[in-house]
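Below you'll find only one chain, the form predicted on its own, shown as structure tokens.
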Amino acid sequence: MKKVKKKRRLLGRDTLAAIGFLSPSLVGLAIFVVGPIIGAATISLFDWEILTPPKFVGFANYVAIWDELANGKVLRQVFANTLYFTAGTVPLAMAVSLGIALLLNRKLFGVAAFRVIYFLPTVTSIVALSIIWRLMYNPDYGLINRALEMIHLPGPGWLADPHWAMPAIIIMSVWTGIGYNSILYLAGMQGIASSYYDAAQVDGANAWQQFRHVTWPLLSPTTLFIFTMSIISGFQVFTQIFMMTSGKPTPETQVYVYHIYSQAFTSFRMGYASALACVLFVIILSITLIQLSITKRWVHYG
């Protein structure tokens, strides 16, 4: 009995210590994550135009979203644009990041400097990067069209062209995201035990076979994390759109979060915008749970 009581005391002390160390993060999580979610869910049940008193309408805002999705073109276009951006950004960014990580994993002179260079866009303000890329995309004096002129290729209008606006933003987003993903892939590669490669070489596996049967399967946990976070980021894209196009040319670059912003701070439909945000939360949560439910089929932990 004394041993059991002593273990319970130690367990209680460890629990209190853990809570103490985690309390700053838990407080921040409650204030900046859980609190806004509860607030948005509450506001979504009201008809509120900021300057007027809120009026309780129940689930009327959600019914309005369903009606607009079924009968209107704007919300369907917004969903299509968001899926277009996500589908164009996620696989391309992951493929490029993996290729760069394979190069950075080699023992070459100056490779540490290249690791820093590729990671720099990750720690740079996305607002500043958006402004720079907007200048680069300028059809009259932008560097990209100037470079195309040097090889006698016509430069498009980029952000002003309905056909090129979204691909231009996808290119910029891929460039800004490859540094973070490359570092994650590089960390995953360096965490693979060399004994796997030694065994593969003994069996006569060449470089491609080692990548296919050793590197890629053992990188699956990293791939799952990058894929999940990239999907979430794709559905939440806003800053690039706002800074580079402001949703124009309408409606080719209007994505879901920008639609929430315009409904809240342009049309002042706070309740409807909050309902849109709650719907987005449910969509992202559902996609994430589906991804995690099928991980056992292809994720290998060594």
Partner chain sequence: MKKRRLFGDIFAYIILCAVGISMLVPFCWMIITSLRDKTEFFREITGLLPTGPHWSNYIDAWTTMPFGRYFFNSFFVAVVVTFGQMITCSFAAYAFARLKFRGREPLFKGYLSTMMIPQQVTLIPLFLLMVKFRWLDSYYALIVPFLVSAYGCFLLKQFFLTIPEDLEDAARIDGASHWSIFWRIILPLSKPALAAFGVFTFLASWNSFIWPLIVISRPTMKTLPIGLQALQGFYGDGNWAVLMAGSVIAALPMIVIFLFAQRYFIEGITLTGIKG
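Being a predicted model, the structure only gives us computed values, none of them experimental. Think of the rigid core as the biggest set of C-alphas that the two forms share within 1.5 Å after superposition. Numbering follows the first chain given and starts at 1.
In what follows, reference is made to the form predicted together with its partner chain, a form of this protein that is not presented.
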Out of L104, V90, L75, M166, which one falls within 4.5 Å of its partner chain in the predicted bound form, going by heavy atoms? L104
Contact test in the predicted bound form: T15 vs its partner chain, heavy atoms, 4.5 Å: yes
Given that the partner is absent here, does T122 sit within 4.5 Å of its partner chain in the predicted bound form, heavy atoms only? yes
Answer yes if any heavy atom of Y62 is within 4.5 Å of a heavy atom of its partner chain in the predicted bound form; otherwise answer no. no
How about V57 - does it come within 4.5 Å of its partner chain in the predicted bound form, if we only consider non-hydrogen atoms? no
Thinking of its partner chain in the predicted bound form, which stretch from 67-75, 215-223, 191-199, 129-137 has heavy atoms inside 4.5 Å of it? 129-137
Within 31-58, the residues having any heavy atom within 4.5 Å of its partner chain in the predicted bound form are I31, F32, V33, V34, P36, I37, G39, A40, I43, W48, I50
Spell out whether the Cα of F46 moves at least 2 Å between this form and the one not shown when the two forms are superposed on their rigid core. yes
For I19, is the C-alpha shift between this form and the one not shown 2 Å or more after core superposition? yes
Core fit, then A30 C-alpha moves 2 Å or more between this form and the one not shown: yes
